[in-house]
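We give structure tokens for two forms of one protein chain below, kept apart as structure 1 and structure 2.
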Structure 1
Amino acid sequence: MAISIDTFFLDPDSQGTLQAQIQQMIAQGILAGRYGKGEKLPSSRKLAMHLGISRITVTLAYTELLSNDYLTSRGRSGYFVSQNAPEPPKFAPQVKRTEAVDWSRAIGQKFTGGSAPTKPVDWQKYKYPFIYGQVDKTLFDHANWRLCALQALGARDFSALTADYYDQDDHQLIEFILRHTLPRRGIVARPEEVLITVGAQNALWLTAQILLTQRRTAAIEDPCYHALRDVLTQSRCHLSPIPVDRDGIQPDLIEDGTDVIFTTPSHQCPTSATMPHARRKQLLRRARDLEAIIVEDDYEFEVSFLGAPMPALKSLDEDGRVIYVGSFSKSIFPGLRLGYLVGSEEFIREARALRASVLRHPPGHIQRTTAYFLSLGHYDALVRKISKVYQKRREIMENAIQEYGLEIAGSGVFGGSSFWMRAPENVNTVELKHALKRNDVLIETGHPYFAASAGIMNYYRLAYSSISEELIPEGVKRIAHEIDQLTRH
């Protein structure tokens, strides 16, 4: 690979001859690792013209570097970084600068320090990964996704690939959502009431920014999706955690003065509880009495293999007070980062304007590729395949949990991809997580899902989306063994 000529420049404050400056510039580039072994340098003529100096000066500098084994010459091909050149240091090079900014004062609002747990990026190296939200490459339809991506790259879709939509979305993707996805949830909407987002989390952020202020109150489930709590904390609104039971959020506990209610009725996050029809009607009545808005996060409705999913909460809404959040990231693959918002035209207009000011729109090629994947039937086939496999894994995991005496605290009525687990009260699942990791097992601790002041440390989540069925029993056995060890201490 050739080294770009734009990376070479002379420092007007440098001391020494031009030849020495060129030698130092190239040597430092090699020592810093910017120029790799075998990479080609610009010709002496081009570099001389670029720097505005004599060609002989560059030639002499190259010759000196050649004699010191920094460079090598290949006949008429030019000069290259030598294979025998000094190795760059393993540590990061120190940049000499004076830090004159007091960042503790310069930063006006902090976004670090949230409750979101970290997940190992090398999770696939572990034999027993019971972690949530990762793709199983044995299930993903890579061949058809690739064909759809190639189709979206064609001349016919040149505009979809290259155009700046500004604040709009791919019309084919919107049409599929309106005609196929939403009707399956009992929802009827118009194009003006749908907005594509960068995943469900982006949809929740947009919603919080539009609906909440420092004077307004948001009711959230306890436990709840930890990233939602972080988003709402950053909005500086008042937070009101509402305990969930086996049927989800409890409407009669929602306080007077609540402005927005965030809920996950289909698969409560993280307990997987499914809100029954009567509770949904009760929640809608409570929201009407409060004149509150409900934000329904339906992140996992496709994974309903134990029975047909209940209609969405929004399908029961007669007042237009429910904003619906959907996602393709859970059912296609998490790296897709594609979701959508459904709400009143007035709300979507504001969400569209806010999205445009931050990121304009999700990439057109991703939207069009997804539209093809959906409309050609590959998506439905993928969901059926995933549901069949998940059902088998769930049965195996449920049997293993029962065999080894572990306790299920929550599981989805219609399916899902995980179990919400409870360890004995004297077991700290953070310690359990670290002990299991040393034993090739990954789990997800439960404390980030609870309100910050709760201090509940004995819950954890076991997902079966990323682990093959033959490994589940041994993995559960190892978890039971470590819990037993911690209980004894």
Structure 2
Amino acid sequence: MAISIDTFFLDPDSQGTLQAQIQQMIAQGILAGRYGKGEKLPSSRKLAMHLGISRITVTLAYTELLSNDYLTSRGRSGYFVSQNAPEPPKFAPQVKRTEAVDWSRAIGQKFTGGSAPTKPVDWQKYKYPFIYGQVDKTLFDHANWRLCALQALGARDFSALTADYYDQDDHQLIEFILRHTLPRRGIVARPEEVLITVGAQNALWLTAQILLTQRRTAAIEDPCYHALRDVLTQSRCHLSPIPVDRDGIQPDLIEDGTDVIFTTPSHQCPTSATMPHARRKQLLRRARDLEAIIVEDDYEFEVSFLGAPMPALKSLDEDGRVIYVGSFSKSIFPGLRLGYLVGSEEFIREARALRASVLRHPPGHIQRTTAYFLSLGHYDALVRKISKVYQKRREIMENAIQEYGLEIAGSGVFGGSSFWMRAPENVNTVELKHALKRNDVLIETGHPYFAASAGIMNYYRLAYSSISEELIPEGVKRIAHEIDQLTRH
């Protein structure tokens, strides 16, 4: 690859000669690793024109670098970075800049320090990854996704791919969601009531910004999805954790003065509890009494292999009180980053304005590809395939868990992709996790899901979405063995 001429600048404040400056620029580029060995330099004529200096100055600089073996020349084909040039440092190049800014003062609002745990990016290197929320290569319908992406890249879809939508969405995707996705959840909605988001995380975040202030109270499930708690903590509202039982959040315990209730009725996160019909009606009544808004995160309803899923809480909403959060990232793949919000027009209008301010719109090409993947039926086929495989894995998990004497604290009525597990009280699952990691087993500790003050350390989650079935028994065995070791201390 040729080194671009645009990387060359003269510094008007430089003390040295022009020739020295050019030599320095090139040598620094090589030393910093920006110019690789064998890369071609601009011709002396072009560089001279670009910098507005005489060609002889550039030629002299090149000749000097040639004699230092930074460069070589190959006759008429020009100058190249020499194979004998000094090695760039293995460490990151030191920038001459000295940090003169007091960042502790300059940063007005901090966003680091949330409770969401760091997840292992190298999880694929582990043999027994009981981790949640990553895609299983062997299940994803790569070929059809590629075909849909190709179609969306075609000349006919050019404008969908490239245009600035301002605050709008791809109408094909919106139409599919209205006609096919939402009816499956018992929801009827109009286009003005739907907004596409950069994943469900973005949908929850937008909702929190609009509904909450420092003077408002949000009820969350306890335990609850830690990333949601971080989002709400950042909004500085008052947080009111409501205990979850085997039927999900307990409406009677929601405090007076609550403004917004965040809930996961299909599949409580992380306990996997499914809220029964009567409890749903009770929750809606409680919200009406409180004049509160309910935010329903309907994650993972698709993976329902043990029975038909119940319709969404939103389908029972006669008041316009429920804001519904859906996602394609979970069931297609998490790197897709595509979710949606369904709610009253007044609310969606604000969410659309905030989204436009924060990021304008999710990339058009991603929206259109997903619209094809959905409308050609590949999505349904994928969900069926995943469900079938998960069902098998779940059976094997259940058997292994029973065989090795582990305790299930919660599991989905309709399906899902994980078990919520309880270790004996004196087991600290952070220790357990580290010990297992050394034994090639990845588990997820449960404490980040609980309110910080709770100090509950003996829960963990085992997902079967990324581990192949033949490895499950040995993985569970290793967990049981490690728990056994820890309880003996």
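The term rigid core refers to the most C-alpha atoms you can superpose between the two forms while keeping them within 1.5 Å. Along the sequence of structure 1, residues get numbers from 1 upward. Just so we're clear, the structure is a prediction, and the values are computed from it rather than from any experiment.
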| property | result |
| --- | --- |
| Pair member that is the form predicted alone | 1 |
| Rigid-core frame, C-alpha of L18, shift of 2 angstroms or more between structures 1 and 2 | yes |
| Core-superposed comparison between structures 1 and 2, S54 Cα displacement 2 Å or beyond | yes |
| L65: Cα shift of 2 Å or greater between structures 1 and 2 (core-aligned) | yes |
